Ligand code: ADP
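We begin with a single chain expressed as structure tokens, specifically the form predicted on its own.
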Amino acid sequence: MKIFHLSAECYPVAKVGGLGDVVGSLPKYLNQAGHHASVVMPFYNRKFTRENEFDIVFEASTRLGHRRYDFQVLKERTNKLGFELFLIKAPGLLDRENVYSYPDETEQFIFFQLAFLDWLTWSQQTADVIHCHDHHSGLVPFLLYHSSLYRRLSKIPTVLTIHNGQYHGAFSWDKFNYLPEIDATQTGLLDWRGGINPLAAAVKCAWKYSTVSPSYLHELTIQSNGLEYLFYIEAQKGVGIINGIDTQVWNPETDPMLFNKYNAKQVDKGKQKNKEALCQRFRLDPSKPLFGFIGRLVDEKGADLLPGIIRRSLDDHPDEINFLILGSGDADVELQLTQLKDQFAGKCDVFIGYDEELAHCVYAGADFLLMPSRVEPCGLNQLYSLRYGTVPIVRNTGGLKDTVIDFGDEGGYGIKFNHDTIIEACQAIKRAITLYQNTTHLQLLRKRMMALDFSWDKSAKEYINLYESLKL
């Protein structure tokens, strides 16, 4: 099968969150299974595009409202990522450094989708499946089936994967003129609550949609920022598929970013060496359990709870634990965490920003990984931590519910709590301290975690089965 993945992110080209990791991995595993998967994304003026070579495979211009933009389709020359990578570049629109947060973001992503469809149409290409990821490509299913410009492509099945249902990409009807000629009787498919909603349109029009965990598929009918009823009535089209991880990239035995490489047999010594190097850098005590957090400092991730969790835990266990936080986001949370770093010097440190190499080192060197998430469609951090023998402490929601079994249950290996409160998180940390003191049990859990299989091999097979079910 020939599969095009459309996405705003793809690691290592441009990554903001889990979307980038998934799109940077899944196509490679689809290709290894004998299919032809490619990624199409906007061009970004970033390190990857500056340091690699690209061929121009197509050039044209496309109208966006009253303006016409020239665009190029660039192909990475060597397929170094394990799949064909195509970038759509449009001077003045799709040629910027950052992925999000521009005032004309709506125009950027509409043009990206139009240029993709025009490229397929004018170059006489086709596909067996077009796989759209999140709202940034959510208009494609609608346009394929309800615009006369793309009639030649209208038999291609489409799949939408929802990585985060909180973001819809909605915009007002006064930008309707950005869209090409469409069947006027079908405009209701674009509408949700008086505006054009790309995510809602994709859920309505795609042949199938998937979420990145089975639990999140159900949770969208309860909490999806206003689309709850839509997910309820379209539930028969939905399927939940747990994300995988790239076990070639995330492998403590070969990871070049670590201070010390290790495998399951040497997990205790290996983790301790990484922990010592990490603690030396951040002036923490390697003899104490180290609790890490990696992620965006936003409410979805429960980051607003972190200052309270850290303060209360250090007050209750003043000489027993360390905290290391890696992330950025809400300015107030950043300030509170920085103040805690000063107040609890030698027990808590913070790195504001994101550093891929440091993240790998935290997964390897921490004893526990905190994930007090309010919303977690799948979660990759807990899968990375399991791969590195680090016990995840997670709120029982979304993909965290599906991938972590509490160590108090049969075959368990993680620590779970049910409500997004400081009290419950601190109780989970107290359990972690007790576990850390039981060296034999902790060693057993580390080996058990590292033996788990959350690779893309299994998840890719589920996507292949989904694609096969769409064959005409």
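The first residue of the shown sequence is 1; numbering continues from there. Since we're looking at a predicted model, the values are computed, not measured.
The discussion below concerns the form predicted together with this ligand, not included here.
A.B. asks: In the predicted bound form, does each of 294, 355 and 376 have a heavy atom within 4.5 Å of this ligand?
C.D. replies: Each of the three qualifies.
A.B. asks: Which of 327, 399, 252, 392 has a heavy atom within 4.5 Å of this ligand in the predicted bound form?
C.D. replies: Filtering the options by heavy-atom distance leaves 327.
A.B. asks: Find the only residue in 14, 449, 460, 19 having a heavy atom within 4.5 Å of this ligand in the predicted bound form.
C.D. replies: Of 14, 449, 460, 19, the residue with a heavy atom within 4.5 Å of this ligand in the predicted bound form is 19.
A.B. asks: For the interface check, one of 221 to 229, 295 to 303, 90 to 98, 136 to 144 should have non-hydrogen atoms within 4.5 Å of this ligand in the predicted bound form; which one?
C.D. replies: Heavy-atom contact with the partner occurs in 295 to 303.
A.B. asks: Using 4.5 Å between non-hydrogen atoms, is residue 359 touching this ligand in the predicted bound form?
C.D. replies: Heavy-atom contact with this ligand at 4.5 Å: present for residue 359.
A.B. asks: Does any part of residue 73 reach within 4.5 Å of this ligand in the predicted bound form? Heavy atoms only, please.
C.D. replies: No - in the predicted bound form, heavy atoms of residue 73 and this ligand never come within 4.5 Å of each other.
A.B. asks: Evaluate residue 209 for contact with this ligand in the predicted bound form, applying a 4.5 angstroms cut-off between non-hydrogen atoms, and reply yes or no.
C.D. replies: No, residue 209 stays farther than 4.5 Å from this ligand in the predicted bound form.
A.B. asks: In the predicted bound form, is there a heavy atom of this ligand that lies within 4.5 Å of any heavy atom of residue 313, even though the partner is absent here?
C.D. replies: Residue 313 lies outside the contact set for this ligand.
A.B. asks: Given a 4.5 Å distance limit between heavy atoms, list every residue of 89 to 127 close to this ligand in the predicted bound form, or none if there are none.
C.D. replies: Nothing in this stretch is in contact.
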